[in-house]
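What follows is one chain in structure tokens, specifically the form predicted alone.
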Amino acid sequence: MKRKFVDLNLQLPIHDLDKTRKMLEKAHELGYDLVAANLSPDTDDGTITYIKKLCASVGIDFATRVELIPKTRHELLGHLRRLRRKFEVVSVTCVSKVVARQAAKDRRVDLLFFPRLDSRKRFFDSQEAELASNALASLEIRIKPLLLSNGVQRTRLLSYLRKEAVVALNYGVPIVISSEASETWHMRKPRELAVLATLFDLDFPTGLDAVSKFPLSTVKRNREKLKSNFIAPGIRLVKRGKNCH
């Protein structure tokens, strides 16, 4: 079966529709079947509908995504209660150990992202991985920082990524590779991203899964959950009414 390729992190400039269209056309040209874009929590339904129609016009599927950057555990829980059923993909940027622990174990979280400003701010370790392996979250690795860095900064970043990738693989946590592209020149073909993943010690088949199988399964799972007849995993409402037996 032909792989479907996915980029779960396009930074679409939705205020600039001409540039947005060019990025979507580029994504289709590069071979992507589905993209997700970070949207403001307050994005109105009309804007979302318009972007979906724009994607359809260039031959690509679109998923809504929100990125949460909570400072505390309680802030994260509040965001999840308010936003989980509005967006198809929920990402959490883990800026503290407490937030990382809560996000890793919460089944409403799809993607975990760990800023790599310095070694003291890396929180993805065996404890977070074990929690995530029992939930549904994937580790998100973004490629744009690799493209924009050089020298010692790039070497340090690759070292961090290798360590995080090893931890994720050891605990069976899926890895999702995304572009985080905000310009067309940041964008790469999905197979090129899979090749770049070998720089942090993922083999090529695992890199391919990180831009196809794992992000696609995340979107499919959440689209099922967001349907009106969803009750629980494996349970659907078949009929509603007074005469149901």
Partner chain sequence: MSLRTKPRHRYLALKIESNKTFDKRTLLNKIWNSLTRLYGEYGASKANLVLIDYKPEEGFAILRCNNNGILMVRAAIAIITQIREAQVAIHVLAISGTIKALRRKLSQTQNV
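Note that the structure is a prediction, hence the values are computed from the model and not measured. Numbering follows the first chain given and starts at 1.
Missing here is the form predicted together with its partner chain; even so, the following discussion is about that form.
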property	result
Residue stretch of 214 to 222, 181 to 189, 55 to 63, 41 to 49 approaching its partner chain in the model of the complex, non-hydrogen atom distance within 4.5 Å	181 to 189
is_contact(residue 80, its partner chain) in the model of the complex, heavy atom dist at most 4.5 Å	no
Residue contact check: residue 30 to its partner chain in the model of the complex, 4.5 Å heavy atom	yes
Proximity of residue 107 to its partner chain in the model of the complex, heavy atoms at 4.5 Å	no
Heavy atom of residue 146 within 4.5 Å of its partner chain in the model of the complex	yes
Contact assignment for its partner chain in the model of the complex, among 154, 97, 71, 85, heavy atom within 4.5 Å	154
Non-hydrogen atom within 4.5 angstroms of its partner chain in the model of the complex for each of 14, 17 and 142	no
Stretch 193 to 212 - residues with a heavy atom within 4.5 Å of its partner chain in the model of the complex	195, 196, 198, 199, 204
